[in-house]
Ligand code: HEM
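Next comes just one chain, in structure tokens: the form predicted on its own.
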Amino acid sequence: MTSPTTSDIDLFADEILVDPYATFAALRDQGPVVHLPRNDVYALTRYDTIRAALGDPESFSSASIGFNPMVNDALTGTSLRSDPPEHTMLRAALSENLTPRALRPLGETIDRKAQALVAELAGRGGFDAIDQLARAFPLEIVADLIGFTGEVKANMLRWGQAAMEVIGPFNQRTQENFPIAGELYQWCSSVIAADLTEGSIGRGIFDAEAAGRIPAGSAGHIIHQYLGAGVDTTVASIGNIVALFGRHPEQFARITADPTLASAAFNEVLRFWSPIHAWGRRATRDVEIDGLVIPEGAQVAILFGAGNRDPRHYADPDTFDIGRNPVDHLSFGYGPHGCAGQGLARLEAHAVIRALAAHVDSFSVGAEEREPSNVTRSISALPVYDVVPA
């Protein structure tokens, strides 16, 4: 058994955050685990290694999902930062309203809203894919679902972005966003059932707390996860859908010809451009991977995007091909901490893809604007033009 090789890269440097894939390839070539002293982390780089770690919470604890101690302290009491058996109980309350059966009645509403929004945007001949679609659509859906109104609804985007940003190391981005994330933490610590619309999922979580199905005081933590972990990544994913179809019109033509490919297309979007840059775990013991040892107590960085482009698992991984239908991609995680909101994210993304297929024959995209972000890799602006309505 030996120590992993090291690399002097800064995983959270601006240029890597904006476009990490060349760095991911170099790290994969070094080994399944690479020590990054500048970030004090052991990076997991290959598909099989990442999937195995995600499925082994006894060895890779979620007690340190963030890359600074302040955010890990702030996330105490959430299912994100817990291990079984506590995680099992909290996850059940979080997931109760996000099962396919529970979400089925919402599907028609999401489809209807997506069709109306995309039809309106297509009729304009051009629009900004981020502000007018990727942000507008999921924010409305989540606000109605959880029961957010007024000031909370108005702050959803900035709170959600800040909640993800502060998961990174204690760099300038994290420092600037902690006060904004603190607004979310404060609101979640004081929210009561009456603050949320009647019949909403948020009210249902408080009902679960009152019935003793979850610990007293945990309803606010669970609501925090719907907003903190669910909004920003969905915004990123919908933006990626439009950008990748614009870059690859031949793939969009396959969707317009056969809208039933929506699910396969979204799986490939998630594989090709993972919305999460890095996510943390803590090694609870010395862990051996292919003869390389991660020492007990080490901070681990899970690189979903590196695993999703691993040629050991996916043939021709740097090609965007919706016919691949990679149902086993890593972007929703795996194991007990697999994304609880993935069913809702799929409903929203599939609805947007079907709406684009129904109302747009072809379109072009301009240059993507990206701003470096510690955890969520997303597009900040994307002009869509020359829209030919279907």
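For clarity, every value in this text was computed on a predicted model and none was experimentally measured. A residue's number is simply how far along the shown sequence it sits, counting from 1.
A second form of this protein, the form predicted in complex with this ligand, is not displayed here; the remarks below concern that form.
Contact annotation: A301 falls outside 4.5 Å of this ligand in the predicted bound form, judged by heavy atom distances. Within 4.5 Å of any heavy atom of this ligand in the predicted bound form lies no heavy atom of A26.
In the predicted bound form, T49 stays away from this ligand, with no heavy atom inside 4.5 Å. At the 4.5 Å threshold, heavy atoms of G168 stay clear of this ligand in the predicted bound form, well away from it. Remark: none of the three candidate residues (A243, S378 and A381) comes within 4.5 Å of this ligand in the predicted bound form, counting heavy atoms only.
Only one of L54, L347, V41, A355 lies close to this ligand in the predicted bound form, with a heavy atom inside 4.5 Å, and it is L54.
Proximity to this ligand in the predicted bound form, defined as a heavy atom within 4.5 Å, holds among H313, R213, R158, H87 only for H87. Only one segment in the set 230-238, 149-157, 188-196, 257-265 has any non-hydrogen atom within 4.5 angstroms of this ligand in the predicted bound form, and it is 230-238. Within 4.5 angstroms of this ligand in the predicted bound form, the stretch 254-282 places a non-hydrogen atom from each of F266, L270, P275, I276, W279, R281, taken in sequence order.
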